[in-house]
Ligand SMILES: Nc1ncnc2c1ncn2[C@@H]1O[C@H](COP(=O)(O)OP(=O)(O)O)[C@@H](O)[C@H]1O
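Next up is one chain by itself, shown in structure tokens, the form predicted alone.
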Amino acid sequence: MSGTSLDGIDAVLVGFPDDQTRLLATCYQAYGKDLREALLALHQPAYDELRQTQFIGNELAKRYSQATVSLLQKAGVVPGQVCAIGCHGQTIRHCPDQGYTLQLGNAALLAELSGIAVVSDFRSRDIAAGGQGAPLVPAFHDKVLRHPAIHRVAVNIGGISNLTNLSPECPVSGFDCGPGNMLMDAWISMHCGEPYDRDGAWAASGKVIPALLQRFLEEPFLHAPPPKSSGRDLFSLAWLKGRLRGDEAPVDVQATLLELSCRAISDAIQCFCKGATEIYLCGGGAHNQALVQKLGAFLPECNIQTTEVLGMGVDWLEAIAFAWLAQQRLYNRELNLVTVTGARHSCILGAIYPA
């Protein structure tokens, strides 16, 4: 898995004995500055972008293969023991309202390099059926995080935040609710040269700017009912700069961005997950102590913990989910995500590239 934060590759080795989920090994490989900047550039139309997408797609396939080798060596497993690689690829455009989504990675090359079958392109079939193509992890959350009697919400705070509503009385639902780490990462990188705001310390040292927060919260996406999904196509640095007056202290902008991320999550839970009593956080944002504390203040009626307490590591849950999605594709199982993505019917998701 390599997500909207553009920080690197999360690789996991997962077994499914007796329909259980067992995490066997993990590996993380950072992208590095050059690749991250090249990927960021591809989020906007530019000269020669078609050729660049192919070159970078090949580079990503090579890096995914390297991550696979490192992972298997760590676990003492050979490629022939692995059924498939579930590879999400790197999203550079996500425009379901226009009928497409684009993830780079060259799955055919990854299969060739790794000697393992690859399942990829998980989102396009759902979009073809009229869905958002995202988020897809609620189907996995439903399997591993649901409680028969307790109303839970799982919140994945990556570049974008998405939630999964696990009410005992209803089918699974979920949606992207707004920016998670994406804007905060971009802002601290611009002003401090840091890739992210560790523990939210910089944001915590600033003050929320009420008028700026109000301009942020006027974004129509935040008030649109689900199904909905988003990414850098909307919540970009240009989106942020377009709402600044120019005289704000950078640290106060960071504080306001953290407030925005918390409001996007808490407002969505209060509006669409009424009655929830337990919230489980995962993704990089689960490490941001300032964000977690503020969420607790916004949602005092909820018990907020991380998915670690349920046996699912916050840094690996999404990658585990795509391993599971790959398994579902190998078994030709339709995923009933109509209450999440808005697709007209259930679909078999993903394309298979044999080794």
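Bear in mind the structure is a predicted one, so any value in this text is a computation, not a measurement. One-based numbering along the sequence shown.
The protein also exists as the form predicted in complex with this ligand; that form is not presented, and the subsequent description refers to it.
Undergrad: At 4.5 Å by heavy atoms, is each residue in 138, 176 and 267 next to this ligand in the model of the complex?
TA: Looking in the model of the complex, the three residues 138, 176 and 267 all stay beyond 4.5 Å of this ligand (heavy atoms).
Undergrad: Using a 4.5 Å cut on heavy atoms, which of 146, 198, 215, 241 is close to this ligand in the model of the complex?
TA: Residue within 4.5 Å of the partner: 198.
Undergrad: Please check if residue 120 has a heavy atom lying within 4.5 Å of any heavy atom of this ligand in the model of the complex.
TA: Result no; residue 120 lies far from this ligand in the model of the complex.
Undergrad: Report yes if any heavy atom of residue 159 sits within 4.5 Å of a heavy atom of this ligand in the model of the complex; otherwise report no.
TA: So residue 159 counts as contacting this ligand.
Undergrad: Quick check on residue 259: any heavy atom within 4.5 Å of this ligand in the model of the complex?
TA: The answer is no: residue 259 has no heavy atom within 4.5 Å of this ligand.
Undergrad: Does residue 318 reach this ligand in the model of the complex, with heavy atoms at most 4.5 Å apart?
TA: Within the cut-off, so yes.
Undergrad: Since the chain is shown here on its own, which stretch among 165-173, 129-137, 178-186, 216-224 would lie within 4.5 Å of this ligand in the model of the complex, judged by heavy atoms?
TA: Looking at the other structure, the answer is 178-186.
Undergrad: What residues in 286-322 sit within 4.5 Å of this ligand in the model of the complex, counting heavy atoms only?
TA: Heavy-atom contacts to this ligand in the model of the complex: 287, 288, 318.
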